[in-house]
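Two forms, one chain: they're shown below as structure tokens, one block per form, named structure 1 and structure 2.
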Structure 1
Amino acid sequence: MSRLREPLYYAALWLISLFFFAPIGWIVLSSFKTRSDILATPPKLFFAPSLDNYRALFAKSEIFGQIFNSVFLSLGAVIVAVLVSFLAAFCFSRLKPRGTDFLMFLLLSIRMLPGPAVILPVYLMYAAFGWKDNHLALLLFYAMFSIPFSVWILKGFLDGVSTRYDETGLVNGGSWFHVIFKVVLPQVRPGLIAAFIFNLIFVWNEYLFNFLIGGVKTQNIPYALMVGTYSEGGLNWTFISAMTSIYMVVPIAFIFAFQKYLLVGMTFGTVRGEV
């Protein structure tokens, strides 16, 4: 019985994985089908694959700008957010200003509010300052929304790094810049990558604010999916399947590339070695 336990365990894991990834596999397969094959009953598992859906997708001139906007806004906002969050988390962790716990609660409370609850004041502010349909303004907005969660993650990681590292670096003539970026930052690399991936997924999937405070120049992929969903009086399944398949490439690529650090980051303990 013990010999069968491990094969059964892995077989169960494979079945669960296939169950959860079946919709993804189905949408990718559908991107190579014709409209009639997609709507066929019963569903076709064997078909002649075609790239016509992708040719039709990239024949639209605006699609390249929408893909660029998604990549630029996501990567730019998350990089800014992680850098600012790391410095803020270092201050909270090392300097421990008065009311740190309350300030951390206020930061987290920003993310407790749903997007529609704050869209009106944000829209009025952006309209008043003329920031609508501006790449930099939208990038900074996404960075602002990503900072609170990143600070919470990184503070927990920094609390787990012994202050002996800081003291040793300063005693040996290092500046605070050297201590922060050369000594402490490498210790929390898994946390930086975890914060980067989680916030990248949030910004990559964001639609509401892009639709309301963005514009023609800042349209992202979720916006393109929304406006292209219906065509010729029905759902445009060929466009949806092809666009969704491309839409999944960036987050999957980042998660696959950094999966080792992401797993370490999600299980990172608070016990660190002393110098």
Structure 2
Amino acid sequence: MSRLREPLYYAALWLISLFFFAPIGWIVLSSFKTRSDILATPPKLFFAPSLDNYRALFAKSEIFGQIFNSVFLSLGAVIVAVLVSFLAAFCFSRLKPRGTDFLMFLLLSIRMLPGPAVILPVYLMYAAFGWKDNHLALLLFYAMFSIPFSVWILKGFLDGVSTRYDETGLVNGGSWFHVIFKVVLPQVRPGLIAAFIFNLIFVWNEYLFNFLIGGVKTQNIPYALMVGTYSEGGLNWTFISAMTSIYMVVPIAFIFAFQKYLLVGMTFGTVRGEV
């Protein structure tokens, strides 16, 4: 490429990226506006920034509970899910019991089903047993929902680790426990990270299940966002913009820090590589 064309090419790519980011940028910008600036016509690009929306947001004590719920549910569910999924993925990859393909298919099909269809029977079960609005019950459901994705990702990575390692470990007197956790586990670290990060983003973003089988005690940020939308008579835009801006720091920071896992994470581990 010639000297002049290269900067132009990169500038064009940057413009495209900024175009896709523009709506997000606009909401972040709005979070620093006062209510009257947000509702101004024509919309204001330049204004006196204020932190009042954030102050108002953190003045309410519920927000800390909601942030705690989001962190607790997503971390807890994902740790449980990745741990048990690793064992299952090891089993599917190495021992290949009969029905492996069928089980893998069943796992995947859960994630392919529209949310209300997944949650409808679980809702009835939780209502019958009185498990609604309970942190542990919700966490376990999220763990179940994170398992298919983790098993798929981890099996893909485990298939790429030669069975020679297992054999060497066993021949040299290591227990299965040793082989699984000390020999094989360290080699699929990228898979563990990908499963961890993308499940975390999923649970962090989840609204429907939290709304239906959770409740006021367990509500996470998306749920709070949905409920808080209509406070103070009409749409509460100052709340929405501040809450959204705070909430999305996490997923955006993750895809920046873990960009090389993005492809694996968005395709259930079926496509590998970096972008």
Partner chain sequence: MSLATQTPGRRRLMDNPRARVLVLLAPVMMFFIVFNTIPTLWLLGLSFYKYSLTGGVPPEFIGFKNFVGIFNAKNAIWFDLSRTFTFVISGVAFQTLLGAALGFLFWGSRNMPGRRVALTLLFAPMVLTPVATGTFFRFIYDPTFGVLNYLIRAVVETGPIDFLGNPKLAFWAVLAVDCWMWTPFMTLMTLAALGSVPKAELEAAEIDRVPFLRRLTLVIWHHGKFIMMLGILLRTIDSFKTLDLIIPMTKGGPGQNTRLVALELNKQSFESFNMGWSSAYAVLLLLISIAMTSVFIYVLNLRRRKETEG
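For residue numbers, the reference is structure 1: its sequence is counted from 1. In this text, the rigid core denotes the largest set of C-alpha atoms whose superposition between the two forms falls within 1.5 Å. This is a predicted model, so every value here is computed, not measured.
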Chain form predicted in complex with the partner chain, by structure number: 2
Rigid core fit then Leu18 CA moved by 2 Å or more between structure 1 and structure 2: no
Ala257: CA movement between structure 1 and structure 2 [superposed on rigid core, Å]: 3.2
